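One chain follows as structure tokens, the form predicted alone.
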């Protein structure tokens, strides 16, 4: 599948057997931390990267790790596939950097046509962006500009980007919007339909309809009339929150609500799109036809920054809004995105993701019943989260235990995602990761859970 695998002997030598992090990593980190802004935090991944190859990371002290970060999901094909790199490098040499909403090129046309081809049928137009944050900002402008209404409805727990507007829209953790939330009007937040922890504490497994009822009865009853809401933006799977997967009944109810009140529906697929969930886009699991869709991260298969906002003819076909940016859709980034989509299709990676999903579910899906401190395992394709709790009844979060399990698994050879203060670990493996590598990663993580469980809380 165009990636390089380690041998069984090399897999057996993963992780750090001596001082961790190694002395060279400590020295480099100390120098970075002395010159970078004070908020930088390397505690979750304490080693310093030397190189990446396939689905593996190599640090400057000679240690090897399985890459479950993949540049925060931006490298869906791993690293080093010449079928991707060669045409991208050639395009960079040919075109250089160009402002593609002012000077046209053929790669821009080819990528726009490809995205319309592979996206939900409702989406027929493409706007050029450089990042997920920018795509979210453009989507908000398009929704408000088309509807001529001020409010956008969003969901607690979601992450939409780092700009003031995107931070105001998002609500992953309270402290992240500090000094922004106070000055960011125009957003209405409601609970995300999270089955494991029903936001309205229903005793049965949450079907998500409680959220729709809340919008109807409380938001429209007490906060805003429907004709002041321009649209709804939602992560089809809420990744940063912990891979929250909405229950099936939620989606038709949300679509019906949007249609009833003429609200535009925007799917933020920046992290869930381009194959992450086993479909090209996560909304395909529920046959949702959005009015807008945000893309970035994995769009260029880990090569160059690029984002996109897709929209319907009604929303994008006659807008006079000023959108776009200087570095959006450079021709080489367009070539990379095209090649990445082609490789996902030609290598049947969506089928491969489905196979790995079953493997993960068969093993990790048993962990909540097997281990007292594992509360829930959530898997959609290769979107993976393990949540830890003090006990099954209270579901009390235990972030320090999650930190310890993460630290042990990193030292053992699996570099995953842990956000301080959260009670879960996440994985975003490459879509072409081998069965052997993902089985080894599960071995290391499970061993870490067992060892740390023996130590207690």
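Please read these numbers as outputs of a predicted model, since none were measured by experiment. Positions refer to the first chain, counted from 1.
Only in words, not in the display: the form predicted in complex with a small molecule, which the text now covers.
Is residue 276 close enough to the small molecule in the predicted bound form to count, meaning some heavy atom within 4.5 Å? Residue-level check for residue 276: no, no contact with the small molecule.
Using a 4.5 angstroms cut-off on non-hydrogen atoms, would residue 127 count as touching the small molecule in the predicted bound form? Although the small molecule is absent here, residue 127 would stay clear of it in the predicted bound form, with no heavy atoms inside 4.5 Å.
Classify residue 156 as contacting or not contacting the small molecule in the predicted bound form by the rule of any non-hydrogen atom within 4.5 angstroms, answering yes or no. Flag for residue 156 set to no.
I'd like to check something about residue 133: if you look in the predicted bound form, is any of its heavy atoms closer than or equal to 4.5 Å to a heavy atom of the small molecule? Residue 133: yes, in contact with the small molecule in the predicted bound form.
Thinking of the small molecule in the predicted bound form, which stretch from 336-344, 158-166, 177-185, 282-290 has heavy atoms inside 4.5 Å of it? Checking each option against the 4.5 Å cut-off leaves 158-166.
Which residue, 270, 386, 308, 332, is the contact with the small molecule in the predicted bound form, using a 4.5 Å heavy atom cutoff? Of 270, 386, 308, 332, the residue with a heavy atom within 4.5 Å of the small molecule in the predicted bound form is 270.
Residue (of 327, 214, 367, 72) lying close to the small molecule in the predicted bound form, criterion heavy atoms within 4.5 Å: It is 72 that has a heavy atom within 4.5 Å of the partner.
Do all of 235, 240 and 297 end up near the small molecule in the predicted bound form, with near meaning a heavy atom within 4.5 Å? Every residue of the candidate spot has a heavy atom within 4.5 Å of the small molecule in the predicted bound form.
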